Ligand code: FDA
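For reference, the chain that follows is the form predicted alone, supplied as structure tokens.
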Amino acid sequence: MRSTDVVIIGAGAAGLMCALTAAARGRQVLLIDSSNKAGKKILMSGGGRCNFTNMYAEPANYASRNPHFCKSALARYTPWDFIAMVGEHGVPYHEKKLGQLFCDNRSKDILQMLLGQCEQAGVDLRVSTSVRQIERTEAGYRLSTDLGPVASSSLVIATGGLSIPTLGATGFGYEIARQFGHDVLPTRAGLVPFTIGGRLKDLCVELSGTSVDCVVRCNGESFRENLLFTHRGLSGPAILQISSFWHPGDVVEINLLPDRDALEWLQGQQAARPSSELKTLLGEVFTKKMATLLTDRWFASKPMRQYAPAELRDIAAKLGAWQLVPAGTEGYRTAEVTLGGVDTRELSSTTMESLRSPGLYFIGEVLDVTGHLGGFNFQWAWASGHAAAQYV
């Protein structure tokens, strides 16, 4: 029987942070992962450059059935704490926009920093290691693993959600939560592209690869970012953001002219350039291809002086408040996060410890805490992992 102070299941962002922090406190830590490599999601994040935090992370950037839960951990381990760690290890980084911090070079810099700290603190990291069974004992928990039986007083579940199953994502963490009496709120893909059906899909296919600045709205939430047309439908940061607040059948509204009042602009163009065709004017705002396709499919392009006031209002409504109902999303295959998860009302917001099974902790994406796009989910991983590490 192998015995240790802490077992952490899941060597992703949250698990690595929890492991290195707990070990630095003098705890004996066994960190295990069923995958053949630690931190796979870190490596692929941010297009290979890891958007490792956001300077403006605050509770308002997170969705949860229990919105107050994340406040304590985020307050005690801030973006500036992680930025300080990055700086101490000489990892070069830059702000891309909106407080989003990326590595100058590659995501591997962040992963190597975390693995190096784990090694220095004495964390026993084992990959390609499965856990077959977990049971509660008087002293804590007993696990049946590929390493043989393991006993520990503290057990941390950092197994993530269901997003990107090709990286090894499973529902294991949810199964453990249910085993020990926890509710798991319904899960679905978040920060995920929309699929589009019908005639609108043809437009998306023809414009595939075209990006445009816009404001997207759904269910009282709005985001200004770029929209990207794809062969399957719509993607880009604006769509990924709003997807977390969309449910099947909901209408999504898109303002393709976010810096203008569409009607005022059209009326102004009609007065100033009455002989110019609508297609020509839109070609100065969008790509010429997009302008041509929009006018061909939505409006009859003609000289501006020929449009009646009612026609201009219709055009303005389409450009400033384009409404569509997505057919669905691309699902967990391409989702960056999983919405829902372990109900945080059954955990301590200070320690991340189960209120139902002492010594059991949940951190990271397995919880019903989901950040916006832009480094917020990594910050939750760092903050929740660090919080649990103070108590395991």
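Throughout, we count residues from 1 along the sequence that is shown. Everything numeric in this text was worked out from a predicted model, so none of it was measured.
Although not depicted, the form predicted in complex with the named molecule is the subject of the following passage.
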Check your understanding: Would the named molecule be touched by all three of 158, 168 and 336 in the predicted complex, meaning a heavy atom each within 4.5 Å?
Key -> yes
Check your understanding: Can any non-hydrogen atom of residue 9 be found within 4.5 angstroms of the named molecule in the predicted complex?
Key -> yes
Point to revise | Residue contact check: residue 340 to the named molecule in the predicted complex, 4.5 Å heavy atom | key: no
Review point. Residue 44: heavy atom within 4.5 Å of the named molecule in the predicted complex?
Key: yes
Check your understanding: Do residue 377 and the named molecule share at least one heavy atom pair within 4.5 Å in the predicted complex?
Key -> yes
Review point. Only one of 351, 34, 64, 357 has a non-hydrogen atom within 4.5 angstroms of the named molecule in the predicted complex; which is it?
Key: 34
Practice item. Check each of 172, 265, 286, 245 and return the one that places a heavy atom within 4.5 angstroms of the named molecule in the predicted complex. Key: 172
Check your understanding: Which one of these stretches, 66-74, 342-350, 35-43, 322-330, sits within 4.5 Å of the named molecule in the predicted complex when only heavy atoms are counted?
Key -> 35-43
